[in-house]
Ligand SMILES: Cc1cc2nc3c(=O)[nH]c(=O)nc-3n(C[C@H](O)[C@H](O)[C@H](O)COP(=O)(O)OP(=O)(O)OC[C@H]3O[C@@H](n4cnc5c(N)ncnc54)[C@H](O)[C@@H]3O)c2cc1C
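Okay, here we've got a single chain as structure tokens, the form predicted on its own, with questions on binding and movement later.
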Amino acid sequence: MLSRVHTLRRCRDLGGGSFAIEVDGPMPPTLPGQFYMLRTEQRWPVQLPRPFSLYDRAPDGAWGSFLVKPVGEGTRALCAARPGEGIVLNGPLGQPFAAEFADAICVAGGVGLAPFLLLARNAKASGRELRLLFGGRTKAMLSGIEDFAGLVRLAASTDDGSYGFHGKVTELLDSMIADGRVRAGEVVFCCGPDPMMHAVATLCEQRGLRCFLSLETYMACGYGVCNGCTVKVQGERFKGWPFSRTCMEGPVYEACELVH
């Protein structure tokens, strides 16, 4: 874990109300699914920093970026920062997606796309193409989809049918299971709104797929001090303890480890 001030390079508009906040390095090696706590160096309007998965990183660590949708005071302040201003980063933090599942099917909704670009780049460097299912309400809400061109085998869905499959991303996954493009025993990595992740986890359980979720639990400190991001868990990994700190043992959990 490293805490330091980085210089904002640019705030790139990804469409759909989301932005890629790009900062100068050096960015330490970071695994897909790990996150950083961010705040502006000046004029930070709230008390606590905000957690974001690392979205992209130069191969030499010269820069890194974070996918941000301005919905509150903190995220609005990050997106309003100007090039040359300081952004305070603390990270990398948390546990990544398991590297042992090289051919996982990635399912993303909204800004839940964030952890999958690094995963896609790593796969491409190894001669593989990930399968990415990306859903949004409309075509305009598929923020960042262009960044995955040539990196993944992409299947997109929109609730209104304006792009790709007409329906929710969970319905797209179910249709791909039905026609054999996704088979029982395969592994799904998922990140997005809680209702979407719950629906994906339920579908995977019903269809015989393993499912790993990257939680978007609210975090205050990011490194296990405040216990503000606990979730109910079960399984050997937690040695009988019924709660887990998302920032430490997560944010990636296997769906069967979470108690609903």
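Keep in mind the model is a prediction, meaning the values are calculated, not measured. All residue numbers refer to positions in the sequence shown, first residue = 1.
Another form exists, predicted in complex with the ligand; not displayed. Remarks below refer to it.
K.L.:
Just checking whether K69 would be counted as a contact of the ligand in the model of the complex - the rule being heavy atoms within 4.5 angstroms.
P.N.:
Heavy-atom contact with the ligand at 4.5 Å: present for K69.
K.L.:
Applying a 4.5 Å heavy atom distance criterion, does T75 contact the ligand in the model of the complex?
P.N.:
Close contact exists here: in the model of the complex, T75 approaches the ligand to within 4.5 Å, heavy atoms only.
K.L.:
Although the partner isn't part of this model, could you tell me whether R50 comes within 4.5 Å of the ligand in the model of the complex, counting any heavy atom of the residue?
P.N.:
The answer is yes: R50 has a heavy atom within 4.5 Å of the ligand.
K.L.:
Heavy atoms within 4.5 Å of the ligand in the model of the complex: does D56 have any?
P.N.:
Output for D56 is no: heavy atoms all beyond 4.5 Å of the ligand.
K.L.:
Sort through L133, V188, L117, V111 and report the residue having a heavy atom within 4.5 Å of the ligand in the model of the complex.
P.N.:
The residue from L133, V188, L117, V111 that makes the contact is V111.
K.L.:
Only one of L215, C211, L31, A199 comes within 4.5 Å of the ligand in the model of the complex by heavy atoms, so just point that one out.
P.N.:
None of the other options qualify; the answer is L215.
K.L.:
Within 4.5 angstroms, counting heavy atoms, which one of the listed stretches 201-209, 216-224, 56-64, 22-30 is next to the ligand in the model of the complex?
P.N.:
The contacting stretch here is 216-224.
K.L.:
Which residues in 222-260 have a heavy atom within 4.5 Å of the ligand in the model of the complex?
P.N.:
The stretch 222-260, when checked against the ligand in the model of the complex, contributes only P251 at the 4.5 Å heavy-atom cut-off.
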